[in-house]
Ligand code: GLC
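The chain below stands alone, shown as structure tokens; this is the form predicted on its own.
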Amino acid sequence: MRALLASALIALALLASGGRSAAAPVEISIACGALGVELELCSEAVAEWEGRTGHEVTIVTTPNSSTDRLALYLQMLASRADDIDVLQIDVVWAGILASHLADLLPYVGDTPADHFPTLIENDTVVGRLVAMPWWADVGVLYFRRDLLERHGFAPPRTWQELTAAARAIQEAERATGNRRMWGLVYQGKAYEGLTCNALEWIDSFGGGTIVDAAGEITVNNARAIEALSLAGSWVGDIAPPGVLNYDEEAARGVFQTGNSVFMRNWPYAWKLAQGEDSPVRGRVGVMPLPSGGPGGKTSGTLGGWHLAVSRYSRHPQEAADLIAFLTSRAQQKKRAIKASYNPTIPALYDDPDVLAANPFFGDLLEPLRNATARPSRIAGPHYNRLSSDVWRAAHDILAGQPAEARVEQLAEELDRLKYRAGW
């Protein structure tokens, strides 16, 4: 009863002060990424929260590579370090890091109900809400509208149509002087981004999701092999050999400088492609990713980043309050308008201001609701190993190894992992 009374008095004090904490200011830290304009947006929002609360926040930059960032977090959290209070985590890390993360339910009230239910479900581990969604992602296809129109192609409905259009436009553009033109760029580096791409290719061909909802290894099938064989044929043909080292920003760099017809990336790249200094401004279209043809479907990997409080934070209440502010409807609307970050709040997809800034957002609501999830909930703390097996196999195939033999080897590796992990 005393605890409830104290909480009520604190709440009243906060209301009376206009949201400014009546307690002495504290210093906390947040780990923000720096992909595109992430760091700029994080800094602006954090400064606004500091002004409202009187607290001080140190922004810690982390590697853009999700693989490297996770390794950093695991090392830090294993030592129970309190260096970072608020962690920006990938959607697939909730199960991996859950034991090191605080339960946010006591701090966020009923706000989780505003977000996509699948994301809140993803962040709830053994009844504990270990993170809050900050922005959602789904893989999309960018294309040069002007080049497709010039050469008489419609936006591709299948990966096979994309392959043919990319090759024809690439050859025609090179013949007229742009020797640096390529047909397609994507994330081909051996890291988590390639797992996302590989899952899209396989699932779009009807080859399943690598591991199914029951935990069975399903990757070794004819449709998965067909999908990865097609992707392997792109390298050196319609995709540059260097794509084997491309992450999101490397792919965007080639596309935005006008040297690629198509690009697989996340929605954040839209606003940057439309920037005043962008060579392709006003000439870019965005659409759901192609299907794998008959028996296939459109498939975009569910991505996005969430915010969590370290269990070792000395100021969990203030850290959770910062998360509640950053993930609020108002802040997500600002991020959507300024930088094309997909909100995790479905109501914002009907917001006229958001749609004016991002006309294609209306087409992404259903793909986000039906996005293909990586098997992180099944694998739990073993997901990072599962994903590394997948991206290494996909990278080998892109580098020229026969898909059939490498997929069979991947299935054996995942079977061994499943046996050891016991899922």
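Residue numbers here begin at 1 and follow the sequence given. All figures in this text were calculated on a predicted structure; none of them were measured in a lab.
Here the subject shifts to the form predicted in complex with this ligand, a form of this protein not shown in this document.
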{"item": "Tyr349: touches this ligand in the model of the complex, heavy atom cutoff 4.5 angstroms", "value": "no"}
{"item": "Contact flag, Thr53 vs this ligand in the model of the complex, heavy atom cut 4.5 Å", "value": "no"}
{"item": "Close approach of Tyr191 to this ligand in the model of the complex, 4.5 Å, heavy atom", "value": "yes"}
{"item": "Partner proximity in the model of the complex: Gly207 to this ligand, non-hydrogen atom cutoff 4.5 Å", "value": "no"}
{"item": "This ligand: the contacting residue among Pro240, Gly292, Gly303, Pro343 in the model of the complex [heavy atom, 4.5 Å]", "value": "Gly303"}
{"item": "Residue (of Ala336, Val261, Leu322, Val91) lying close to this ligand in the model of the complex, criterion heavy atoms within 4.5 Å", "value": "Val91"}
{"item": "Residue stretch of 122-130, 166-174, 83-91, 322-330 approaching this ligand in the model of the complex, non-hydrogen atom distance within 4.5 Å", "value": "83-91"}
{"item": "Contact set, 367-389 vs this ligand in the model of the complex - heavy atom within 4.5 angstroms", "value": "Arg374"}
